[in-house]
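As a starting point, one isolated chain is supplied in structure tokens, in the form predicted alone.
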């Protein structure tokens, strides 16, 4: 029962942080919408910052990338394709949490910035392992891994945040997130996989 209540608070907080931003949504707002008292939020999380931390950790999905890294039954190319699928699906199926991450990056709170950086670094290290493993196996060429990951994440982020532009470009109904995902996710996955295959292929070593 306690776990259900905690989950409910996190779900409400995610919606409010997504709509109003971290600084725009108060703990009182969250308590009112979750139909709990302020003391309960304090009991489970301690502070609004710790509530956000729990929310972001809940959505970080570290274990998926860690399991992918340990799977020796699939090739480095298949792992790269799965990373693309994972991030496109993860971000485009939950635009709310992506908005929260973007807002947290712009927060005036150093504690919040450190939290989002910690999550990104942990995920980055898993992707870096996949690329370096492919390099050791003479499948991938030497590349700037940090900026390569930045290129992929930046592209996903741009397509996610610039929905109004792409709705106009591809004649998608404004405000229909489901239609947007169905139209853009396959196209984005295909583009990023082509980009990474050309970029990483050791046959293209200069």
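Rigid core (definition): largest C-alpha set, two forms, superposition within 1.5 Å. These figures come from a predicted structure and were not determined experimentally. Numbering follows the first chain given and starts at 1.
This protein has a second form, the form predicted in complex with another copy of the chain, left out of what is shown; the following refers to that one.
Contact check for residue 33: every heavy atom lies farther than 4.5 Å from another copy of the chain in the predicted bound form. Another copy of the chain in the predicted bound form comes within 4.5 Å of a heavy atom belonging to residue 155.
Although the partner is absent here, residue 163 lies within 4.5 Å of another copy of the chain in the predicted bound form, judged by heavy atoms. Although the partner is absent here, residue 10 lies well away from another copy of the chain in the predicted bound form, with no heavy atom inside 4.5 Å. Taking a 4.5 Å heavy atom cutoff to another copy of the chain in the predicted bound form, the contact residue among 56, 159, 65, 41 is 159. Each of 17, 191 and 195 places at least one heavy atom within 4.5 Å of another copy of the chain in the predicted bound form.
Residues of 117 to 139 that come within 4.5 Å of another copy of the chain in the predicted bound form, judged by any heavy atom, are 117, 120, 121, 124 in sequence order.
When the rigid core is held fixed, the Cα atom of residue 26 travels 2 angstroms or more between this form and the one not shown. The two forms, fitted on the rigid core, differ between this form and the one not shown by less than 2 Å at the CA of residue 159.
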